[in-house]
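First comes one chain, alone, set out as structure tokens in the form predicted alone.
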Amino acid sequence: MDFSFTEKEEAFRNEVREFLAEHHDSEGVRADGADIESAMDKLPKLLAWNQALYEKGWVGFSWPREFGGSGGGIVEQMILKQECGDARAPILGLSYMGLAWVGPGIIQYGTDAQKKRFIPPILKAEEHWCTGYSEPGSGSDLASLQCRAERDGDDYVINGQKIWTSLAMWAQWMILLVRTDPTASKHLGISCLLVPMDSEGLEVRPIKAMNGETPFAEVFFDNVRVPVENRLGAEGQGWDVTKHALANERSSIAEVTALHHNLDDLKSMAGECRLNGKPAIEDAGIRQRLARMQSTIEAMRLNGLRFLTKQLRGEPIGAETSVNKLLRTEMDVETGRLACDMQGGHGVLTGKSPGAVQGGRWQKNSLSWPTTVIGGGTPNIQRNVIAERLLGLPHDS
């Protein structure tokens, strides 16, 4: 395999580095280690960062030019994410859900009026989105959802509940999956609606996670009326819209860069912490776990390049992305555990405790795993996908 870059691609890399050196405030705007509350405190700097990216044409980098993107290529997009990751700079802008899932869905399935109305505010971070997917009884088996929408003239009337809705408290809009035809098969009876979060009858109840943050919420719908013109795609096409949205982010290059940062920080801390009377880095068990993490990250990097190669060839990206998703979840859990283990007795101290290492950063990390482990499909779901679609093992019905 040839992992070299063309002269044009290297010139783009240099352009990105120069831009980062001029515009990125490494202390004020960081992509890692910041919780939601601290991110809100830095909102003015984050907005300025988003505006600088927008003016450069790098928000929605791969989106078509007619919709405000750069029409950028796959390799350049990977370079952009990689360099921003190396600089610990956020690249997707502030409207994360809008850029990662909603915008691509609207570009693919939306009407001209929907594209004109929703795409610019997403790129400018003027409006933020959440995703109404999971329900109390429909998480991993998303197609079994029961939140329903009944047609009433020019409106849909929505009743039901969603749960584990990320950032619903701060969103102005929700991309919502509802059941519009209870008589159809579970995949064909689903439609997708674009719902204002200030709609009458819509209630948001924050869920406090075990790390003390409130990244998720329950959302209740009591006769919420949404215009039919807010439907994305045809009625009953919601499953196709969702598959397109969830498949949009594929390379995993940015995730690998973030994991490298965590590993570097762990190695540094291992030289500072003492375990059993000596530096933690001298402990054979700690060294083995660090080495295992490094080899896993390298495997993820190479796997991401495999995805990139398939995209360049015009080949579809399918179940193989579950491999990196599964490895990422395992890495998130191990990162927190390893950090606390190498701190010895201090590993049980939280941020407000005297003697807490690095302000309890790693303890908070060890309690934050549900966000990435559960989101996008649990580890068992990923293992099933790998077993059935990659290894060809029989489906256990």
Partner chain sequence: MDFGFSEEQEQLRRQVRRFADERCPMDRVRELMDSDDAFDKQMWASMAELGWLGLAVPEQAGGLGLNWEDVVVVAEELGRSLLPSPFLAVTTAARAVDLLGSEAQKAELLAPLAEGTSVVTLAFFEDSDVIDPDGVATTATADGDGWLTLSGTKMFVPWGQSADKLLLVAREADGLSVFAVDSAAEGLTVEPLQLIDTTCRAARVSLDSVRVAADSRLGAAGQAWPLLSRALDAGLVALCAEMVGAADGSLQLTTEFAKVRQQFGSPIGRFQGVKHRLAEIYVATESARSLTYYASWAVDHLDDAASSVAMAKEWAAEALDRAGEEGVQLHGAIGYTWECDAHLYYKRGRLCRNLMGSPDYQRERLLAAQGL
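Residue numbers count along the first chain shown, from 1. Computed from a predicted model, the values in this text were never measured in an experiment.
Keep in mind the form predicted together with the partner chain is missing from the figure; the text below concerns it.
Participant: Check, residue by residue, if Gln294, Leu308 and Pro394 all come within 4.5 Å of the partner chain in the predicted complex, counting heavy atoms only.
Facilitator: The answer is yes; Gln294, Leu308 and Pro394 each reach the partner chain.
Participant: Could you tell me which stretch in 219-227, 106-114, 122-130, 308-316 has residues with non-hydrogen atoms within 4.5 Å of the partner chain in the predicted complex?
Facilitator: It is the stretch 308-316.
Participant: With a cut-off of 4.5 Å between heavy atoms, is Val204 one of the residues that contacts the partner chain in the predicted complex?
Facilitator: No.
Participant: Should Asn14 be counted as a contact of the partner chain in the predicted complex, where contact means heavy atoms within 4.5 Å?
Facilitator: No, no contact at 4.5 Å.
Participant: Given that the partner chain is not shown alongside this chain, does Leu275 nevertheless sit within 4.5 Å of it in the predicted complex, heavy atom to heavy atom?
Facilitator: No, Leu275 stays farther than 4.5 Å from the partner chain in the predicted complex.
Participant: According to a 4.5 angstroms non-hydrogen atom cut-off, is Ile386 in contact with the partner chain in the predicted complex?
Facilitator: Answer yes; at least one heavy atom of Ile386 falls within 4.5 Å of the partner chain in the predicted complex.
Participant: Let me know the one among Lys186, Arg151, His244, Lys267 whose heavy atoms come within 4.5 Å of the partner chain in the predicted complex, would you?
Facilitator: Comparing distances to the partner chain in the predicted complex, the residue within 4.5 Å is Lys267.
Participant: Considering non-hydrogen atoms and a 4.5 Å limit, which listed residue (Ser134, Asn262, Ser166, Asn303) is close to the partner chain in the predicted complex?
Facilitator: Exactly one residue meets the criterion: Asn303.
Participant: Scan 318-337 and note down the residues that get a heavy atom within 4.5 Å of the partner chain in the predicted complex; none is a fine answer too.
Facilitator: Residues within 4.5 Å: Glu320, Val323, Leu326, Leu327, Glu330.
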